[in-house]
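Okay, here we've got a single chain as structure tokens, the form predicted on its own, with questions on binding and movement later.
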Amino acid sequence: MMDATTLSGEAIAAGSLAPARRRLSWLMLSPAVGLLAVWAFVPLAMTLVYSFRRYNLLYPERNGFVGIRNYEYLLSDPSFWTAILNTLVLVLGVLAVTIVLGTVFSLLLNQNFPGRAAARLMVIAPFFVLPPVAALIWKNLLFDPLNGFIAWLLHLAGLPAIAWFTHVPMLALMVIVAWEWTPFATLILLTALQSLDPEQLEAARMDGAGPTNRVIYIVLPHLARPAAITIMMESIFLLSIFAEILTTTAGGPGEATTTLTYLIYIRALLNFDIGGASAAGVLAIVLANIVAFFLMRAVARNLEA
């Protein structure tokens, strides 16, 4: 058997090797970390630099420093504020729909019934459809006022067809995006429901609590934390919705569905105004970080409660 002196010697040797191992670990990780840093910060730095310059791809010779003029022009442009409002309406509307439907679907799918596995698969499947494909399905197969499925149903009911992308474009866009993201909310909330202690529900039932009271006072409070996390994660992605708009409305009619992301696309790739688009991109980053900051604080308070 080894004595105490031998053991202490081995411990000292292991302790002396720990810093060397840490240095070796950092050395091996440094190429990947450096690549990620370049990937993240170089485009951000270039966007920040171009936001202070006059640079149009059609007139590359007219290039120079203009200070905050791009920001002044952007903040005085009504299109910018319309895009901000459209972005907020889209994000808040989709969040409300996905959280409500996700809660309902998770409650239903948590019950025992024949074909539950197939029903879960069908509910979650839309999340794996590519955004342009989902937008084309809704645009051509469902929302088309002449040959769409919804128009056919309205015709059977004796009602006139609706030109969705003309009369209610933002509502149509919200339906498409909510259809894509409801499975995500359902999956998170269903996972949270399965962690609920069934003995707690059984005790409430034996105490005389009905199904409605059990849902209101036990199930919904249990879902508060995962719902807050779902809202935070969805908001980050919904702020950058683009493919659905490009595929269906192209920001129209007029500016009815032009969000901040789509406004940047118009400035950069349609108007070739790299300086103005960069300024809009910087403001979009600031807005996204403000939203993320408050959402993370709200989620942190929820988790500490």
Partner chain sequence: MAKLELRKVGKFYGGFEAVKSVDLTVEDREFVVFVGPSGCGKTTLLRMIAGLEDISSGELFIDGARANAVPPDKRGLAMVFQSYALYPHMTVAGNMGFALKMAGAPKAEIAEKVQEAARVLQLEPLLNRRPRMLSGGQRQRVAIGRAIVRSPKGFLFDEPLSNLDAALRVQMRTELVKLHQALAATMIYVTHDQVEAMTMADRIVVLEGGRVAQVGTPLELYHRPANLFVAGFIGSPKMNFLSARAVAIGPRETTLELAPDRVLAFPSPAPALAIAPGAAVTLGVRPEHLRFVESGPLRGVVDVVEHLGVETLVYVKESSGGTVIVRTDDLSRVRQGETVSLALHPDRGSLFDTAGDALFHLSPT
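Positions refer to the first chain, counted from 1. It should be emphasised that the depicted structure is a prediction, and the values quoted were computed from it without experimental measurement.
Note that the form predicted in complex with its partner chain isn't included here; everything after this is about it.
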| query | finding |
| --- | --- |
| Touches its partner chain in the model of the complex: Asp77 (any heavy atom, 4.5 Å) | no |
| In the model of the complex, Met170 touching its partner chain (heavy atom, 4.5 Å) | no |
| Interface membership of Val89, its partner chain in the model of the complex, 4.5 Å heavy atom rule | no |
| Touches its partner chain in the model of the complex: Met174 (any heavy atom, 4.5 Å) | no |
| Residue stretch of 209-217, 68-76, 158-166, 89-97 approaching its partner chain in the model of the complex, non-hydrogen atom distance within 4.5 Å | 209-217 |
| Partner contacts in the model of the complex for 187-209 (non-hydrogen atom within 4.5 angstroms of its partner chain) | Asp197, Glu199, Gln200, Glu202, Ala203, Ala204, Arg205, Met206, Asp207, Gly208, Ala209 |
